[in-house]
Ligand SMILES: C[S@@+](CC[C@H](N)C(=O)[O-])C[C@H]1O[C@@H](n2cnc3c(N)ncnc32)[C@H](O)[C@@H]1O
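Below, in structure tokens: the form predicted on its own, a single chain.
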Amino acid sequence: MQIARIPLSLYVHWPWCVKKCPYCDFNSHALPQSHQALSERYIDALIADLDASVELAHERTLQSIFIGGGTPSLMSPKLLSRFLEHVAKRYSLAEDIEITMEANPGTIEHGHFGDYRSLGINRLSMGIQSFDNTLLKRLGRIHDQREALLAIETVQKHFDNFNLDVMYALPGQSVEMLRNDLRHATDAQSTHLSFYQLTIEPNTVFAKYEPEDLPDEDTVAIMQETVVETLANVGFEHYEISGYAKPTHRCRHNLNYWQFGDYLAAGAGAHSKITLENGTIVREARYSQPMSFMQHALEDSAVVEKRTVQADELPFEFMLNALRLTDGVPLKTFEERTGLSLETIQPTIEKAQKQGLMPTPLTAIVATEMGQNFLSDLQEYFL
């Protein structure tokens, strides 16, 4: 296994939002009104966390950076500048590095979009979720359709590469309402769209008080077909379960996840996956509560859990990622990223082929259309 050939990315987590949405199970918390000192201390902690991970890069160049949350567009341009400057000092950056920041359509936030672009953010990912005011209220979003469209206009002025997050199968949503969201999304001139089906996650408000008017399974299936067909008709490539991109604009950061590349992490609750010089793959998790994260990052180490991925776990972990891609990954990628021979999973592949879940002959690690429809079942074959 040649570590130098395994791409390296960086994920940075900003844990605060204006308010917590009822469907959200991400590590996010409402930001206090008086937060300047808190935000500055958090940047200090991020920098300390990054410094502790420099050796894990093994002198590799960062191919992408993704600043997620939470709502990182609540970060002031001054703080973002300080953080990015430190990353550039401590890490080698690819000349064409992709740097993505998540944002919401709040009027205060998109007032900074121009500043973010000038600081090196070259890809924005905006959480629209819906363009329907009734649905936005049901989702607990703080913006309405007018603010969403205004934010998109602002993004268009500063970014030629941006993503919109949109959800479907929402409480009270009809297929016609979804078509209206699709119309607005495709009119936005974005280079990437992420269309997610709403799932009720544990430990969320929706899990405790599940909406009674969720679309039934047949309607959800129609919605999914509508999304795929509509986006294909306007030139979006469906390259990952929820990812649709214009040609040459697939999200490089997410592709590195799905292709089982390596990624460093910094921030509350952030997870990393790193290949060591001896070929061992290690996963780390940081303290999830922002206060605990800051305390430990500044005093010692932000890492609360560290585990070695065992050889018998690697096939499932690899397939959990690679099979999300509609084109799959080359066969050799399995051996390059896991250090295992393809022969070790050949019996499982043959089992999946007999069930029609993987193609015959196998020219790439990829699922058939049936395999995509039963993806969880297929992935579990490799447990």
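Residue positions are given as counts along the sequence shown, with the first one as 1. Note that the structure is a prediction, hence the values are computed from the model and not measured.
The same protein also exists as the form predicted in complex with the named molecule; that form is not shown, yet it is the one meant from here on.
Exactly one listed residue, out of S272, T154, T71, T100, brings a non-hydrogen atom to within 4.5 Å of the named molecule in the predicted complex: T71.
Contact annotation: of the candidates D165, E237, D115, D144, the single residue with a non-hydrogen atom within 4.5 angstroms of the named molecule in the predicted complex is D165. For the marked spot (C24, Y196 and E201), a heavy atom within 4.5 Å of the named molecule in the predicted complex is present in each of the three residues.
Although the partner is absent from this view, G127 contacts the named molecule in the predicted complex, with a non-hydrogen atom inside 4.5 angstroms. Of the heavy atoms in N104, some are within 4.5 Å of the named molecule in the predicted complex. This chain is displayed without the named molecule, yet in the predicted complex the stretch 63 to 71 from 331 to 339, 39 to 47, 344 to 352, 63 to 71 comes within 4.5 Å of it by heavy atoms.
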